[in-house]
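Just one chain follows, in the form predicted on its own, and it is written as structure tokens.
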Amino acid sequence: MNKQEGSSVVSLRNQNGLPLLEVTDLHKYFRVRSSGGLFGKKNNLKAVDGVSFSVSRGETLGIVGESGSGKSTIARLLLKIDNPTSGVIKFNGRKLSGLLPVELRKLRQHMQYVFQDPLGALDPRMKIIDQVTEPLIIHNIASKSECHDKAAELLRSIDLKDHTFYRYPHELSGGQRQRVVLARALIMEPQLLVCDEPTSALDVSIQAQVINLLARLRERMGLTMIFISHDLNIVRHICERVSVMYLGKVVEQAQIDLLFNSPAHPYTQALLSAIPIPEPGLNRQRIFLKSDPPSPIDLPSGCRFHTRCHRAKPGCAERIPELKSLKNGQLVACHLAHGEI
């Protein structure tokens, strides 16, 4: 792994040395009223606060963390659903900021979003086959009959039967609906697929089917993926590398095996300690976090995690830790991990 000066960007490069997606010092602040109703004081809610990462072609990067850590906000920023407060997002070497609407629309053909709630992501008034063909027709990719044939072939490839093509979303199971959402995203043959908690609304048995399907599609289509989840077991199964977020910042980033075998940040250690062990009689020491996460409007001084950290020292509240590399290439934002306290 290589560390890029000044931005803590780590990537697995493709053969040309250029990552497919590169994010540098990304910020997203929301102006909110903290108190006093309509005339109350406005403050910044720091949803994403200086995040940097890059992803090479064919790689799957996992982004994990508790609710409110900024995971879904990053997904929306990558697809330009929301605009960043500051920072740079490059796709295939092109900056997304400043693109004309027609340029952005063309670029979005290569970047697709898989939503968390499949029922909410589908139009209840449209038949399944029509929803999958719609992106092709909107972008004038082929004739209506060719679009229909391509959509039907794709739906069959993800294990949906022909009789489901002419049903409406409410007539399908949760797993079938998520497959339709996947098909609608993949019909454009994107280079990048952003999956925002794609299995959280599904039963455990259906989750496994969807994850195996994603892994199969990634291999077959050469997809690059951002996989956002709070379930570390799923992330371990499908991702090569993972970024751990806490209150808008990346606190640790590493190859998946390294992160699971040698977590360096106390927050990562606590998350991993909560994963159930399937072997009876085998125990893991559980790390319990103190209290609830602080408000993203009124953040603690120094390390944002120190108010909940089981290893915190007095100096943790004084200085903000930098995301820096350990000897093994693991990126960690922790004074203790770097021996600074």
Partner chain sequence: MTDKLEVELTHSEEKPQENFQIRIHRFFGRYPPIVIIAALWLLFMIFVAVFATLISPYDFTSIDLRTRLQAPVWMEGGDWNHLFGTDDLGRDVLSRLIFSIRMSLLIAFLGTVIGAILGTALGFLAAHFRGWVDDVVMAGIDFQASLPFFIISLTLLAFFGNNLVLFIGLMGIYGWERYARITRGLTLSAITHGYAIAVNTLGATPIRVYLRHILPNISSALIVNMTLNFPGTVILESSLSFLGIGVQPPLTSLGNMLGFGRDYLTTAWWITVFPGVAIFLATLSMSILGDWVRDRLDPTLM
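Remember, predicted model here, so these are calculated numbers, not experimental data. Residue numbers count along the first chain shown, from 1.
There is another form of this protein, the form predicted together with its partner chain, and it is not shown here; the text below is about that form.
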So, a 4.5 angstroms cut-off on heavy atom distances: do all three of Ile320, Ser325 and Ile341 pass it with respect to its partner chain in the predicted bound form? no
Name the single residue among Thr73, Thr199, Gln112, Thr224 that comes within 4.5 Å of its partner chain in the predicted bound form, judging by heavy atoms. Gln112
Quick check on this chain: which one of Leu99, Ala121, Leu172, Ala215 has a heavy atom within 4.5 Å of its partner chain in the predicted bound form? Ala121
Although its partner chain is absent from this view, report whether Pro190 comes within 4.5 Å of it in the predicted bound form, heavy atoms only. no
Answer with yes or no whether Lys249 is in contact with its partner chain in the predicted bound form, where contact means some heavy atom within 4.5 Å. no
Using heavy atoms and a 4.5 Å limit, would one call Ile206 a contact residue for its partner chain in the predicted bound form? no
Contact of Tyr168 with its partner chain in the predicted bound form (heavy atom, 4.5 Å): yes
Answer range among 129-137, 234-242, 258-266, 83-91 for contact with its partner chain, defined in the predicted bound form as heavy atoms within 4.5 Å: 129-137
